[in-house]
Ligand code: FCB
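Just the one chain here, laid out as structure tokens, in the form predicted on its own.
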Amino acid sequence: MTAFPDPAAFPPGFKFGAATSAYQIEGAVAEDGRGPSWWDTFAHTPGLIRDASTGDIACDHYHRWAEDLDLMQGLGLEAYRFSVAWPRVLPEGRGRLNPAGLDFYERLVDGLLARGITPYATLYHWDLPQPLADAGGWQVRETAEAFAEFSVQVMRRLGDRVARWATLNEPRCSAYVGHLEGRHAPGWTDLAATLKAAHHLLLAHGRAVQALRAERPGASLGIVLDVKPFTAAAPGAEHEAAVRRADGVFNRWFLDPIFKGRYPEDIAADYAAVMPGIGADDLALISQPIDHLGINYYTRGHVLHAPETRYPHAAEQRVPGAHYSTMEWEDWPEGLHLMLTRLQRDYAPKAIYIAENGAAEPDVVDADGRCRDTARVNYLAGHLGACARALAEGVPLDAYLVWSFMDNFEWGRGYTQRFGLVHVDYATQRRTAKDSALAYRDFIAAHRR
């Protein structure tokens, strides 16, 4: 059993919590004026979701939000990161506002505050309104403008109560997994479209930051990126080159524009034939100052040079003897420590928080009502230890949020993966706090003492 770090390694005011996203938990996809998103369309297309499921009901959080917030409070969570469903607020993506959608998020935020839980809001967690998808989606610059308009509408309603705002969640996934790998909406496999989507997502971030600062100058604004360290699975210059390329595609392609105002030259040279058009002021807009960086960390890439595979020609290898989750992701806490110290060294964000960190495991509720998820307890203990080491080395880390608060719709894998601190029986919607939730509760309580 991996030991949790000393809670005193985390400074007073450090926040411990959990995260979710709208489409993965809310359900109620056709209620109270919500319009369709491209994830509704994607999930309802036969053959695209592993278990043929959809997010139509998910965890029914739209109706059970108060029960869920009570459970968060009972577990001692100090912060909760949620996302705002764009089609619930603007059903056509632009123009007509749906007041009932904003009312829901206002109830949620007020409910969090009443329970002593700090709200962290993410404005885009992949649920693009279908009318905007039909008009070109992330292939057109107008979608970035529409996102800024949506962001301002949410800020006007909730800006006085939300502590921390993220524009986008994982633009890398939105671009690459959706437009190149085809496993997420819109389900494409086109590199040029992928790079265009990536650029326009980053433009959306920049436009939203600009618009939100104008709307509420004191707001705390940032973005959430998924990061992943890469290591060579064998010695040799060709494998080290594969590590560099993989890192460039996965990490630097998004970090460099935001923090350095440029795309990484080595990867841009390799992409030269399919690079999107970049306006004269685009990178200045993308790289304007932000207040914090949220990072999502799960695992590492342990790779070999593989020239027969798609660029970056890096094939992932299993590590003998390591524990792998049901997502086939290695439990490697040292990677979180490496990424935190690297981010501080190479990019120097003003503040960093862990916006997602967790593991999918084969969880079941036993006859005695317990869910004994020992592997997840070990995962959390190890990764909290990595955070403690980074803090001791001066990384400006100020919050740790587990992915996820509860089991949910795991995108293209449907309901086959359980990441939650809380087990959800989807047939009955019964919630059961797993052993990991109870261990996390006790750790948070010890930190407060």
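This is a predicted model, so every value here is computed, not measured. Residue indices: 1-based, along the sequence shown.
This protein has a second form, the form predicted in complex with ligand FCB, left out of what is shown; the following refers to that one.
- Of the candidates Asp127, Asp363, Glu356, Asp256, Glu356 is the one whose heavy atoms come within 4.5 Å of ligand FCB in the predicted bound form; the others do not.
- Interface residue among Phe150, Tyr80, Tyr379, Tyr298 relative to ligand FCB in the predicted bound form, by the heavy atom within 4.5 Å criterion: Tyr298.
- Residue contact check for Asn169: one or more of its heavy atoms lie within 4.5 Å of ligand FCB in the predicted bound form.
- Ligand FCB in the predicted bound form is approached by Trp411, whose closest heavy atom lies within 4.5 angstroms of it.
- Within 4.5 Å of some heavy atom of ligand FCB in the predicted bound form lies at least one heavy atom of Phe419.
- When contacts are judged by a 4.5 Å heavy atom cut-off, Trp38 does not count as touching ligand FCB in the predicted bound form.
- Per the 4.5 Å heavy atom criterion, ligand FCB in the predicted bound form is contacted by stretch 411 to 419, the sole one of 56 to 64, 38 to 46, 390 to 398, 411 to 419.
- Contacts between 4 to 24 and ligand FCB, taken as any heavy atom within 4.5 Å in the predicted bound form, involve only Gln24.
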